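Next come structure tokens for two forms of one protein chain, structure 1 first, structure 2 second.
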Structure 1
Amino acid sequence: MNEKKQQVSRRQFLNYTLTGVGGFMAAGVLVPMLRFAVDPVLQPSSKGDFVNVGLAVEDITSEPQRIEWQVVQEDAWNKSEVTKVAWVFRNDDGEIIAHSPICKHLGCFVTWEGSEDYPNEYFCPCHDGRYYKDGTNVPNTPPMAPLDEYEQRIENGMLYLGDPKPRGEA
């Protein structure tokens, strides 16, 4: 048996070397871009966390009251404090209700008894949108859906609110 050693020609050697170096350089360019695209997906989400809004349960009345609290919001590498708002009250059954103040029509802020013409209703000044106290929209007004309600939890006599959830169509 005659075994011939296969020799690598100069051309093959340069071809293999340049292909390897080119692949290494391409990986060096593509890996950071891939990480930039995938990394935010892999980060743990703080969504759904409940935050103490600084309101004791015994202080909640049947009249909607505006409460504000601060949360830290992270957008990529930017951290900022954001003020959140809710209208909180007890309904006729004694349950605590926390409505989002964002109108479902154009995203303006609604206020409780914001109009003298419509007492005991939420009022949106943008297009005269109205909601009843329970958050459902008044028929024949611009909003087409009820106000969102915040998820809530009570711990040690304090109210904790989570994210607002839609209640469905009118």
Structure 2
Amino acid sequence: MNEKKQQVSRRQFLNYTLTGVGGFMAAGVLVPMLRFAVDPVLQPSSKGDFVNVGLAVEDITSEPQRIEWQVVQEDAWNKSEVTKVAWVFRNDDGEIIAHSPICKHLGCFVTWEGSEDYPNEYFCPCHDGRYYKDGTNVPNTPPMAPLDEYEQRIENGMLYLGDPKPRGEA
């Protein structure tokens, strides 16, 4: 046989053909299933709308107050109302701050002046995590980052809150 012509043997040809056809069939079966499985990963992340939380701007004091509001949550085939919580106050510069109550340590709920031992601070009961009024984590307590702050907007004198955003390292 001519060395340069490198003929494909009958066995090689059958091997390639069968592998190709078999691979094509296997892919036809597996690709839809894999796409089906990874679907949640490929969903666009839902941007939360701003929601009227039922608090008039004039009622916001320098003392953090706990406010609750309901949002409709769509979880696959299940629609439900979930309660969201924020701690809202005016800081010394007169800006409105809305803190998320989720502790940056392990995700428990913090409370303003939640411990009698630590007045004027947020307190997390799970591992005694603490934050100053501006949300900065108290050094040498478990949290490693300041509390998240809700995006906010004011319309017709009412407070609207969006998604909580991390404030970055303090």
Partner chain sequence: MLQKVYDWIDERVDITPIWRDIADHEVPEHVNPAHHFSAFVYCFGGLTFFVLVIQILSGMFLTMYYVADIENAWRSVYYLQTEVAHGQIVRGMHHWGASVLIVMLLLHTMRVFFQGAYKKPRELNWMVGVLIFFIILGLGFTGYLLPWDNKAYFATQVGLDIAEQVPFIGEHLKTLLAGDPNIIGAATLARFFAIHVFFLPAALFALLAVHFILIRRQGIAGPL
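Note that the structure is predicted; figures quoted are calculated from it, not measured. Here, residue number means position along structure 1's sequence, counting from 1. By rigid core we mean the largest C-alpha set that fits within 1.5 Å across both forms.
- The form predicted together with its partner chain corresponds to structure 2, not structure 1.
- Once both forms are fitted on their core, the CA shift for N156 between structure 1 and structure 2 remains under 2 Å.
- In the core-aligned comparison between structure 1 and structure 2, the Cα atom of R10 sits 26.1 Å away from its counterpart.
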